[in-house]
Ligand SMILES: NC(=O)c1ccc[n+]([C@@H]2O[C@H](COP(=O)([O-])OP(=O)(O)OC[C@H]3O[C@@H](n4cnc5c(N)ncnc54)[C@H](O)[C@@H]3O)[C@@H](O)[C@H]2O)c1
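As a starting point, one isolated chain is supplied in structure tokens, in the form predicted on its own.
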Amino acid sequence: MNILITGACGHIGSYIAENIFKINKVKKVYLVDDLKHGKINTLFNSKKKNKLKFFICDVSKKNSLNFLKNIKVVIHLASLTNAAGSFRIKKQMYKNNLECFRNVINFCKKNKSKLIHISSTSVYGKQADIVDEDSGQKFLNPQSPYADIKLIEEKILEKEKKKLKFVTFRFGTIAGISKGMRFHTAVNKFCLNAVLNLPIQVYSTALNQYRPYLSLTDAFKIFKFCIEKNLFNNQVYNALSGNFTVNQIINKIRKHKKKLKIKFIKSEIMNQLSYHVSNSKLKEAGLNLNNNLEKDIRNTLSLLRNI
């Protein structure tokens, strides 16, 4: 089958592209990215067995994907990210991300392509012992423009479910190494600051609050499982390697970097409370995610050790 990956030079997209040969039945992989973040280096020394073909393409432009044919599965990752930073570019983020999303949906409907849609566990915003996909509307309370957009996307897909085969995965905060890795998410940013001997900035309300995290290796398992098992049932699945407090993440880093500096700061996301996210629905579908986040932290610190 032929696969299309939008936002292919990003943190997640570059890891999928690098490892796509591990997914059975994939014949050719089309990568598109607008390269606005200058991530062309993610394509350096790509493995021939991945059968990659890259195009510079701004998915936010109408009909920008029309040159592609015979695409069986679309993995849609082209969007502006960074939940905390989304307040500064709110209008731009709504416009860009929703236009990208609608264009991808139109492409999928026109070409009868199946869609892997990535949402976020940050759509949950209420305090609870545990939240899952069936917790109800009262627990869906996004605290950032980025998270709100993800919920809008989910609602758009719900209206399109009779015209489109898709699956939505609500990803926890990503951790791990890739060619296109970024450092705006908690684990990677904390590791970078630790190596640079800079203070790890922690929101003053967040030290002992639980959040869901997803290892990049587990994220790849999800794409592999979904494609090989044909899991396009128009359902929503939480996807995480585990729930951890910020303090637990810091302690995992401290095992490898003893002298850490902590600086408490205020955040625009002040009313988001602690919550655990359940991934039992994905387990029931047949996929168990259990990658050790401490391994991601160790590998990231090792990668950065000489700076």
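In this text, residue numbers run from 1 along the sequence as written. These numbers were taken from a predicted model, which means no experiment stands behind them.
Unshown form predicted together with the ligand; subsequent notes refer to it.
Screening T217, N141, T173, N193 for any heavy atom within 4.5 Å of the ligand in the predicted complex leaves a single hit, T173.
Screening N111, S135, T168, T81 for any heavy atom within 4.5 Å of the ligand in the predicted complex leaves a single hit, T81. Contact with the ligand in the predicted complex holds for none of L4, V26 and L68, as no heavy atom of theirs lies within 4.5 Å. Heavy atoms of C57 reach within 4.5 Å of the ligand in the predicted complex, making it an interface residue. Contact check for H37: a heavy atom falls within 4.5 Å of the ligand in the predicted complex. Interface membership of K150, defined by any non-hydrogen atom within 4.5 Å of the ligand in the predicted complex, is confirmed.
Taking non-hydrogen atoms only, R182 approaches the ligand to within 4.5 angstroms in the predicted complex. With the ligand left out of view, the stretch that reaches within 4.5 Å of it through heavy atoms in the predicted complex is, among 195 to 203, 228 to 236, 157 to 165, 115 to 123, 115 to 123. Within 4.5 angstroms of the ligand in the predicted complex, the stretch 1 to 25 places a non-hydrogen atom from each of G7, C9, G10, H11, I12, G13, taken in sequence order.
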